[in-house]
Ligand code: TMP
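Listed next as structure tokens is one chain, alone, in the form predicted on its own.
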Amino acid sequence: MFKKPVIVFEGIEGSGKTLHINYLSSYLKKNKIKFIKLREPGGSINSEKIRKLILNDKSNFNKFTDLLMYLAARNENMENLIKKNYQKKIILIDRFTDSTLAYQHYGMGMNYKLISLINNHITKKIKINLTFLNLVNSKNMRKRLSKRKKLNRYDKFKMKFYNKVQNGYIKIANSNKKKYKIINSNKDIKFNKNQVINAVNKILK
């Protein structure tokens, strides 16, 4: 039971994580439960500036540069948002430390120990209480991305890359099953929304 938990939504593009975090936000607001919501990259003012650089179609950063910018954006969120609200409000995060491992290590082959070292230094004593890992098959992913009005740089990788990332997420989740809730995003949206709400209520009560 956690009165003011940190809840993270993870998953590849088109997996429904943003839909579910927005739905949970509406649910908490309706029930007058205090929370903050942020996304990565983005969230704080400086992190949003970094987001524009990372995801810009015209950007072609080296993968190590990409990694450092993601971590820099996270550090800005930690210093300006997360630390100030930790254990005071529920914190909802659209992508967090697992994303960096899934994309930069499992997807791009960056050093696992280096990423973990910097992640741990940035997050320090902040503990994640629950992570929703949203999984999606390639057919539904393509279908959902095709409906987006605008695609960013990370929406345009080959399917092989996304498969590596999603498999990386699964490995991370399997290493600590108690803190992860798998959401099969190929199932009915209403069913999955209820799954999310039930899991959150369980750790709040």
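Since the structure is predicted, the reported quantities are computational estimates derived from the model, not experimental observations. Residues carry their position along the shown sequence, with the first being 1.
Another form exists, predicted together with the named molecule; not displayed. Remarks below refer to it.
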Segment assignment from 26-34, 136-144, 57-65, 40-48: heavy atom within 4.5 Å of the named molecule in the predicted complex: 40-48
At the 4.5 Å heavy atom threshold, is residue 131 in contact with the named molecule in the predicted complex? no
Any of the heavy atoms of residue 154 lying within 4.5 Å of the named molecule in the predicted complex? yes
Would residue 85 count as touching the named molecule in the predicted complex under a 4.5 Å heavy atom rule? no
Verify the contact flag for residue 75: yes if a non-hydrogen atom of it lies within 4.5 Å of a non-hydrogen atom of the named molecule in the predicted complex, no if not. no
Across 5-30, the residues having a non-hydrogen atom within 4.5 Å of the named molecule in the predicted complex turn out to be 13, 17
